[in-house]
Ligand code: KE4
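Just the one chain here, laid out as structure tokens, in the form predicted alone.
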């Protein structure tokens, strides 16, 4: 007799729905995009996680990026234990803050001065305020499909015309706040040039994911970042690279090292906490000296530079920058994306994939997208079918067609081989899948 599987995930979700909005503390966790019941994880080790029902999965979310060395990375866990024994928080300076700032200066040379905070959202929000204070201007430029946290001025979608001011994309964001944000198409250099020609003397800052990871993975086209840098320099706008996701993921020095572009400010998070809450922003000395207590731009936080979080981050970064470690993770990502593409072709499924460093994107379209509009052309229903087929076979992907994936140094040949074997079966199901619209047309 087969022992029935536990239904603990469903029980926990039902409980959560009674006390937490939507049953989750961050929207994408709700599985609304793909359907079904979210997994409640109880343990992680290396490249694998276990849910409340005891099922094991190869994890390609890695806590949305920070676990570049894998779950429960022993040096990070030990560093956390030792730091916690000395105290959880002080609200006062500690030596580990100085050590982290010095390491970031070394790894990301554009960060001449560094301010530590508690999250990526806090880092981007503070960097924008600083850019406005430095320039004395109000307008922000961002790109459709790029996500920089949930600060009011960043929850903005494109207006009705190419150069119109943005419209709120969330209730609770006043139109008068959104009207200070311009939203352009990612990789559209011509639109960017028109924007600066029309409004350049009013633009305080341009914030960009140098490799977009929040509309799936979208890489910058040749010349896009270079032109962006030149326009910001010419018009006196502050260029912010949001490397919360790409920092130490696409290259040891971030996307700015990979593409040879030096931003004025950089925001970081994710990896520098090794899985614990932390963020940072930093950049040109003359800009950073405008932040309090040196200047008039205010920013503060009791938990900024938390010693326990920084202990985990230092252990993670020190391991990642050892010779060959990052290169190994990037090579595994290349092997994964090439293998998935090959398997899809064998099953006759329209599919493409790519990686930049240890980040990757999967697309149910013939070629990787270069813009938000092209991302929206991907076959979402087929992705959802693929997601659940992979989940049933022990592979945990991001529960949305519009999120990048991640590998860790713990993803070895065994994990890649098992993933490709699961994908062969999943793509076979996808090849048999007929979209609802097509099915409806055949009905009498």
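Computed from a prediction, not measured in an experiment: that's the story for all the values here. Positions refer to the first chain, counted from 1.
Missing here is the form predicted together with the named molecule; even so, the following discussion is about that form.
- Shown alone, this chain has one stretch from 148 to 156, 97 to 105, 225 to 233, 317 to 325 that lies within 4.5 Å of the named molecule in the model of the complex by heavy atoms: 148 to 156.
- Only one of 131, 340, 192, 245 comes within 4.5 Å of the named molecule in the model of the complex through a heavy atom, and that residue is 245.
- Note on the partner interface in the model of the complex: the residue among 177, 352, 370, 214 having a heavy atom within 4.5 angstroms of the named molecule is 214.
- The named molecule is not shown here, but in the model of the complex it comes within 4.5 Å of a heavy atom of residue 403.
- Although the partner is absent from this view, residue 26 contacts the named molecule in the model of the complex, with a non-hydrogen atom inside 4.5 angstroms.
- Proximity of residue 110 to the named molecule in the model of the complex falls outside the 4.5 Å heavy atom cutoff.
- Put simply, residue 31 is far from the named molecule in the model of the complex: not one heavy atom of it is within 4.5 Å.
- Contacts of stretch 105 to 122 with the named molecule in the model of the complex, defined by any heavy atom lying within 4.5 Å, are made by 119, 120, 121, listed in sequence order.
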